[in-house]
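Only one chain is shown below, in structure tokens, and it's the form predicted alone.
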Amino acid sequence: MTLSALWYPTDKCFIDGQWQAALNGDTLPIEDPSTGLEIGRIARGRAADVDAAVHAASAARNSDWARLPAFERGRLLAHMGRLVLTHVDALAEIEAADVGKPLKQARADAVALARYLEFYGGAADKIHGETIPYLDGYTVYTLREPHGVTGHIVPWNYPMQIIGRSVGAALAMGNTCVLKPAEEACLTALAFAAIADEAGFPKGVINVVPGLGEEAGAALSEHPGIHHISFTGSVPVGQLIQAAAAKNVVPVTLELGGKSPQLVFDDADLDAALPFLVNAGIQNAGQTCSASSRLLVHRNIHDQLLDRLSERYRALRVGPAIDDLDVGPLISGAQKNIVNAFLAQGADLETAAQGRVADNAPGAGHYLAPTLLAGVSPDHSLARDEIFGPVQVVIPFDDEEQAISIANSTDFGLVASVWTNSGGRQMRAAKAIRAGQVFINNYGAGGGVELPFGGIGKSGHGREKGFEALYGFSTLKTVAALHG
């Protein structure tokens, strides 16, 4: 069996350890964003399929899985991580065709998936309770226990990474899972199920139901057999999921949008900053919640830095995922239309520089040249709203106070970075910026599997990655024993 031969059926759900067609037999097309062509079909799961998956997960939760020691769960996850590494090249090819990202980026995602499984495999038996001093004659202690059946609704932009950080953490804590991948990109989610089966996970512990968000996703969100939901995606859909989960009083982890700034002060090391400033905005064609779409630049160095940014932008090349250029296509024609609509709102702004779409890029692919805009006011829609495309805006500021004010002027608060050699300013800015993560003289910290990740405001709530994710996928029980 090899993933490169696509030995797992792409047009099936994975429920209770079995590959099975959607109960209604319907399927949906898989489009390659690089060509615009249909390359296969996925199952169109609906409420009945979700219900079957939840029942399978519930049965597994009450089977031997519940009694499996934490270190054994960890061994399974670590073993699966090693299997992922044996399939890295195949997974990269699959993700590149399904999402449209360049091969090197898709390969990095596959390696990150393995790293998440390794991390949570090692962490599974490291979550401890504590004893609490209390009244004389009592012994009080706490236990961390799994929620039960967890639902995972993952987006199309980083399927492997987001599955790794949410499903991996949930499994480490002893939950069983129902995964609903985005209809635009299901193939590596199905591959995840195939590798989990190969690794020896008991049937029903991991279930995957592809389908439309308004059908399968809605059914999962409101299912009374789900005990926790993890969602990554847009603000409007996150609001719908939270409302649906509230009917069952189910906790929700939401990782939503972002409008993440990088603040560049006039004492910054521009040579070190330049690669981060650009790459954080155009990676995965800007289709990243944590993309740095705002560059806030001190006026003393604004023109100098804009010239250097423009030089880098003009060197960017866009093309098919298989060509492994700087930027691939957007996920769909619909997403390209959304980004173009934003650009139309900035028709009166200065286009400082653009990348170039390769001559051999298929005409039906969803390509858009990365665009750097200057002369953008902080209250412009392009400076406040999430674009989800390869567009960055440059905004000047005069002093530290103004920079912080602009950084905090949107409804989002996911990621930010501060570029300065002043230690005092680094600390002041890190405390003052409203964001779930703040990086100093870097951006993203190499993926940061170990680093808690999440936002404030309309960027969501709850935390994924690191040990914080394990706390989120568990519930705390207090035991008070009176023994005299």
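Only a predicted model underlies this, so the values are computations on that prediction, with no experimental measurement involved. Just count from 1 along the sequence shown to find any residue number.
The discussion below concerns the form predicted in complex with nicotinamide-adenine-dinucleotide (NAD), not included here.
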Review point. Do residue 156 and nicotinamide-adenine-dinucleotide (NAD) come within 4.5 Å of each other in the predicted complex, heavy atoms counted?
Key: yes
Check: Would residue 368 sit within 4.5 Å of nicotinamide-adenine-dinucleotide (NAD) in the predicted complex, counting heavy atoms only?
Finding: no
Using 4.5 Å between non-hydrogen atoms, is residue 124 touching nicotinamide-adenine-dinucleotide (NAD) in the predicted complex? no
| Any non-hydrogen atom of residue 182 within 4.5 angstroms of nicotinamide-adenine-dinucleotide (NAD) in the predicted complex | yes
Counting only non-hydrogen atoms, the one stretch of 382 to 390, 95 to 103, 343 to 351, 399 to 407 within 4.5 angstroms of nicotinamide-adenine-dinucleotide (NAD) in the predicted complex is 382 to 390
inquiry  = Suppose contact means a heavy atom within 4.5 Å; in the predicted complex, does that hold for all of 13, 45 and 178 with nicotinamide-adenine-dinucleotide (NAD)?
reply    = no
Picking from 161, 262, 188, 232, the single residue whose non-hydrogen atoms come within 4.5 angstroms of nicotinamide-adenine-dinucleotide (NAD) in the predicted complex is 232
With the partner omitted here, the residue among 280, 373, 226, 256 that in the predicted complex has a heavy atom within 4.5 Å of nicotinamide-adenine-dinucleotide (NAD) is 256
